[in-house]
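To begin, one chain is listed below as structure tokens, in the form predicted on its own.
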């Protein structure tokens, strides 16, 4: 089992900070290199690490601060070209690059040129993640961070993205979220995941943390720097996408698609079709285990069951449609010559999700109020192309996924090159929902690098000339 160097790993890599429900993501741009390095050097001592704390200490925590940088941010801080070239190609090019936008399906209203941030018109160098236990604590932290930024005189605030965790853990479409998460080997979080969902997929640390053995049995590549060959050790790639959700449009579409022959609304049919889109009932109960109805309908009870597979239990998609969102985002054992081969393959494309909703919940899900709301999608992975981008391109937006033809994910897929259909498999006859539209629009995004603490100190200590960084460090 991997022995993780918790003192050097940022806390956000191992924890979603569920005990700190309030958050703001500060997007920053470097304007003066020397002062930015000084600011970074001071801030590094305040960055929350992954060192475990007791339950009592955790309950007393007021805030947490973490930091990540884009490729342009690293370049501005003075990381030499040879070092910059050791990062993954996807990170070097950036999410807004034309080639990467095609891979991700970012077109039309979701095209990078339409984004609020992360594109050529409004680039970002630094992501400062601030979490707090309540709104007052968050505001106090933001005042302090902004005062430090102003005093540094070398950093500009591009945007402040507020985020939070709904008390019922449901996202804006109304479905319980964040249920299926892999566990990093050696992280000490296995029992917590088992308590929450009754199921856990434990993956090698190298699937998410650079410098450790991954599921292929090799050490995940780490970028290097002059004088610090393990510059990328204990780090990860962070994917950030701001995704606006069109809630009223989603529910009105479902209502229209399920009206009775006399034109009246059919609530039960509408909620069933919504569950078919997602693959779970709104409570979180999986269709594979509960195909006849939500076992928690009419209650506030949430269902976090995640111990299910598709190959044996629902191979034809009669319970959970083959193209449903959760089945595309994680096919589990459904794609392959046999269930075990397929399951092993799917595990190698896993991501750690760290997203949070933004905006107030819509009072009436059928009536838009003119306010933007959505999801700040954040995920962590050691290989952007093999993990996040493959999920997006090969599963979410694949028009021939698992034998389907000219269909993509009904919830978040790009429908430009499809027949705008969603197939609901059934026996004896399938049904097809037509005239799909986009229920999600990308408003901004970027690829970041979440460094280890030693690497952050290295960056804060850089000079304009070549700097050789030497240190002795060990996990205590």
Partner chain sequence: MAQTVLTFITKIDPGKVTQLTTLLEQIESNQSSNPFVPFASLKGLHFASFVIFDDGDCGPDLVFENNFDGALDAYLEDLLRHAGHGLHGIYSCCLGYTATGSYDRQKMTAYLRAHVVWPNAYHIGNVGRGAERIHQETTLRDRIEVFLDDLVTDGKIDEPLGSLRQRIQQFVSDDPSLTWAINVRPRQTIIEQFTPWAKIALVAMCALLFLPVLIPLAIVSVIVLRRHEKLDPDQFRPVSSAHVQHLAKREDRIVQNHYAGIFRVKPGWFRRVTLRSVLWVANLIARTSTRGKLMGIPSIHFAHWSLIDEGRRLLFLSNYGGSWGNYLDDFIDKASTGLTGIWSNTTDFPPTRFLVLDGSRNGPRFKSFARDKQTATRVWYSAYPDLTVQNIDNNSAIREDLFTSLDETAVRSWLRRF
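Being a predicted model, the structure only gives us computed values, none of them experimental. Numbering follows the first chain given and starts at 1.
Same protein, other form: the form predicted in complex with the partner chain, not shown, and the subject of what follows.
- Within 4.5 Å of any heavy atom of the partner chain in the predicted bound form lies no heavy atom of residue 110.
- A residue is said to contact a partner when one of its heavy atoms sits within 4.5 Å of a partner heavy atom; residue 103 meets this definition for the partner chain in the predicted bound form.
- Proximity of residue 349 to the partner chain in the predicted bound form falls within the 4.5 Å heavy atom cutoff.
- For the chain shown alone, residue 214 is a contact residue for the partner chain in the predicted bound form, at least one non-hydrogen atom being within 4.5 angstroms.
- Proximity of 402, 428 and 431 to the partner chain in the predicted bound form is complete: all three residues have a non-hydrogen atom within 4.5 angstroms.
- Residue heavy atoms within 4.5 Å of the partner chain in the predicted bound form occur in exactly one stretch of 339-347, 172-180, 373-381, 232-240, and that stretch is 339-347.
- Among the residues 202, 390, 83, 158, the one placing a heavy atom within 4.5 Å of the partner chain in the predicted bound form is 390.
- A heavy atom within 4.5 Å of the partner chain in the predicted bound form is found for one listed residue only; from 218, 268, 367, 120, this is 218.
- Contact annotation for 81-120: residues with any non-hydrogen atom within 4.5 angstroms of the partner chain in the predicted bound form are 89, 92, 93, 99, 102, 103, listed in sequence order.
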